[in-house]
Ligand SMILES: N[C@@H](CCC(=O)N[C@@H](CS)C(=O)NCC(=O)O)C(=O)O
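Below you'll find only one chain, the form predicted alone, shown as structure tokens.
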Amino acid sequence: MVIDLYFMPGAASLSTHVLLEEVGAPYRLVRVTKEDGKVDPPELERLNPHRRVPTMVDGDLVLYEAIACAMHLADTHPRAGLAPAPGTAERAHFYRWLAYLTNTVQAGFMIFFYPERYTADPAAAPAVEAQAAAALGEMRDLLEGELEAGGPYLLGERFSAADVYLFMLTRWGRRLEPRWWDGPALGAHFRRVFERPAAQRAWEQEGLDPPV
């Protein structure tokens, strides 16, 4: 069965796209555009009430939220080895990283990218953006330290779906100063994931600029 992935280049759907390549599942990309409050293709409004990507249709299952897509693909394709065995301490740390990356780091990026959404006063948007950038700097330092102490991946020697999620967020961090992929540990992690054939294929299919 072919999985449909509704995506926008470089958005949160990038992590799902790379994971679909990692597991080798047949899939079809459906590019989403938004303009003047309208979304195309229009069926996305029926599939996802938030009209966001990623939205993934796997048979009768309609799934959104990138973390949910990551966990679903890891669970339904165990041979890909994208998650440790359930019930283990390593699996618990896998959950911890996914939760941290989506609930804390990704949430911080949303404030940084769209500060006007988080204040009733348009004049306060630059201050909100600056505060978000400072918070993201602290998160970057934490990730640098974790990877330096226990890398090369978030789970040590084991690559997992959480690393794909961090790979996506590190790319987003190119808009900060210093750029996230310029950090010694984060940069090495980004390059290590980028060198994987799955990441290369997804990157090319989405037409993303080469990382500098």
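On a predicted model such as this, the values are computed, not experimentally measured, just so you know. Numbers for residues come from their place in the sequence shown, where the first is 1.
If you look for the form predicted together with the named molecule, you will not find it shown, but the lines that follow are about it.
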- prompt: Any chance Ala199 has a heavy atom within 4.5 Å of the named molecule in the predicted bound form?
  reply: no
- prompt: Is Trp172 one of the residues lying within 4.5 Å of the named molecule in the predicted bound form, judged by heavy atom distances?
  reply: yes
- prompt: Though only this chain appears here, would Met110 touch the named molecule in the predicted bound form if you measure heavy atom gaps against 4.5 Å?
  reply: yes
message: Given that the named molecule is not shown alongside this chain, does Arg96 nevertheless sit within 4.5 Å of it in the predicted bound form, heavy atom to heavy atom?
response: no
Segment assignment from 151-159, 180-188, 47-55, 22-30: heavy atom within 4.5 Å of the named molecule in the predicted bound form: 47-55
field: in the predicted bound form, residues of 14-44 near the named molecule [heavy atom within 4.5 Å]
entry: Lys34
